[in-house]
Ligand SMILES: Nc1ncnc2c1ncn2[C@@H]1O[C@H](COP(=O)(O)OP(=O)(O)O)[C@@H](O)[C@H]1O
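The chain below stands alone and is given in structure tokens; this is the form predicted on its own.
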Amino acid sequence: MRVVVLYDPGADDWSAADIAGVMKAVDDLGVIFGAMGHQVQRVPVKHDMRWLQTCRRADLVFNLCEGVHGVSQWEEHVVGTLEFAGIPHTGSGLWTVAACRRKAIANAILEKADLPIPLWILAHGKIADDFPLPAIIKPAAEDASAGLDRQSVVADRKMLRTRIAAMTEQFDEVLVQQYVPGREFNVGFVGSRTLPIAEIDFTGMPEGTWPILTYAAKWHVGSAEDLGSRPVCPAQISERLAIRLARTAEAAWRVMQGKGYGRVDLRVDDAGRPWVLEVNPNPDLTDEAGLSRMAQAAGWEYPELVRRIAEVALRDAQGAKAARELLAPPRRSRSARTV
């Protein structure tokens, strides 16, 4: 089988560590599919569209592209191009990727489906004086916790106005959302399988900081926020709460037409009610990331997680029989070629 791994080669302001983080997942997938006897080609996505011709010759595109040259909005264009060309690819489709990245649109759709969403508003002009505080202010069309830091949660009107002003200088649209105090959970999906639930333990966060997953907590390894937000999987919760979380997350995933693999982030308030924070199609797929951690709790090592994601994509595109045949080891031993 010919497998193409798509990725973003990065922007001018990316550090060596940023590029290394992307390439680790790309290289890991190359090793996994190479060990299975498949031909693997690693292809950076650029605006010249040369990558598309390579993808047309592939049996499967494993899409790790979360943007083009660091611009997240181009992620959906890559997915849409693959869909339009009829190329089998991993992850969710154009509509899901585009809608979920735009938090206001996703919130409106989820609310319409009667799912529990914390009160929110786009920061156009003055925010009503009765908008409940504390509130969290974040970019309305970014992902991976971009724009989130220790000052993202505000508890008074003056801080709210100051934070909104600062954020609107950096981002085109800014979302203000009621902050839900309580425990935070992640529910992951691969195909039709709901993975074991994970909890983020914030007890180690620096004193005086709000327990949220900031950009530093996710991407600055060894930072105080990284060390203070410890993932626990499987979460130590009652069966009743686990069922409630899973059902809420599954409903959100269905409403947003998620497929392939994804994650839903939730908070549980003091009354035990889950609230949907975000629906994340095509989340981070490195071995150290949350989805891999959930897969391990389900008994899947990282190569098995990757294989199952590939199987889901091939089955959706060509049927179960074709998926089995394409993923089967070659009949004759041969060395895999990785470009």
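These numbers come from a predicted model, not from an experiment. When you see a residue number, it is the position in the sequence shown, counting from 1.
Not on display, but discussed next: the form predicted together with this ligand.
Student: Heavy atom to heavy atom, is residue 235 within 4.5 Å of this ligand in the model of the complex?
Tutor: Residue-level check for residue 235: no, no contact with this ligand.
Student: Taking this ligand as it sits in the model of the complex, is residue 74 in contact with it (heavy atom to heavy atom, 4.5 Å or less)?
Tutor: No, no contact at 4.5 Å.
Student: Hey, in the model of the complex, is residue 277 touching this ligand, heavy atoms inside 4.5 Å?
Tutor: Yes, contact at 4.5 Å.
Student: How about residue 265 - does it come within 4.5 Å of this ligand in the model of the complex, if we only consider non-hydrogen atoms?
Tutor: Judged by the heavy-atom cut-off of 4.5 Å, residue 265 is in contact with this ligand in the model of the complex.
Student: So which of 178 to 186, 76 to 84, 91 to 99, 123 to 131 is the stretch with heavy atoms within 4.5 Å of this ligand in the model of the complex?
Tutor: Only one stretch qualifies here: 178 to 186.
Student: Which pick from 145, 223, 194, 209 sits with a heavy atom within 4.5 Å of this ligand in the model of the complex?
Tutor: It is 145 that has a heavy atom within 4.5 Å of the partner.
Student: Among the candidate residues 109, 136, 164, 246, which is the single one with a non-hydrogen atom no more than 4.5 Å from this ligand in the model of the complex?
Tutor: It is 136.
Student: What are the residues of 95 to 119, in order along the chain, with a heavy atom within 4.5 Å of this ligand in the model of the complex?
Tutor: Stretch hits, in order: 103, 118.
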